[in-house]
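One chain is shown next in structure tokens, namely the form predicted on its own.
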């Protein structure tokens, strides 16, 4: 089982769209059993994969990741069965690249703050890692959709990072996007330090809405790619997430897509290749000692 957080502390970088795309292709194209943990109060992934009606039903029934976190904080009992909190999306019966069944842990945005405000950094960081993660081994991939602007007080989200093996960072190739990377790495480093086991590790960057031919890419992103080639920062995925109306519409909760091609349109191959690259990167990862990125490097790259 691989647990991958899709995270960038800046908003608008495509985290939910990337999560949905990778989840759908791992399940339907790669025959993987997938769980999506939606920790974003906006519930974009949940609405895209389940629909608003199923999300609201889970909230009414107390079957959300927030309810699970509250129970784990109160009891820390290994007897808690996460299955009772999972919401399943049934497989499509369409021909061709039909959408496969998938499990979700959905958020309850209205109650997230109340639960998190009762949790303490350093004391409740590992509820998911210690009590939830061991119960999820039936899944091949657990994808965690994290929101933007996460701080140490956002303890449900901190728990999501703490249980992750890897982090994939989607980012656009603009100054305003890349300037958020130091804060993103700062929280990852803080969680890693408390974990004490070297995880989560950043698997790489995924460029979103990027045209490698334009001046912005050459002046902003190319120096970062050079730093990643030298091993100073994590690598960039070879494949990228293009600027595509089809990808933007892929998370539309009202879209009645039954196959991968219906959902992703002419961006099908891009999403498929990204999902496959993620799968290979997880399988081939060789554990190495991870060092925090120094402020001087961010400054040299013009990001601090």
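Residue numbers count along the first chain shown, from 1. Note that the structure is a prediction, hence the values are computed from the model and not measured.
FYI, the form predicted together with a small molecule isn't displayed, but the following is about it.
- Segments offered: 292-300, 278-286, 6-14, 21-29. Contacting the small molecule in the predicted bound form at heavy atom distances within 4.5 Å is 6-14.
- Taken together, the three residues 172, 247 and 251 all lie with some non-hydrogen atom within 4.5 angstroms of the small molecule in the predicted bound form.
- The small molecule is not drawn, but in the predicted bound form it has no heavy atom within 4.5 Å of residue 67.
- At a distance threshold of 4.5 angstroms between non-hydrogen atoms, residue 239 is out of contact with the small molecule in the predicted bound form.
- Shown alone here, residue 209 lies within 4.5 Å of the small molecule in the predicted bound form, counting heavy atoms only.
- Using a 4.5 angstroms limit between non-hydrogen atoms, residue 227 is distant from the small molecule in the predicted bound form.
- The contact residue chosen from 194, 86, 94, 148 relative to the small molecule in the predicted bound form is 148, the criterion being a non-hydrogen atom within 4.5 angstroms.
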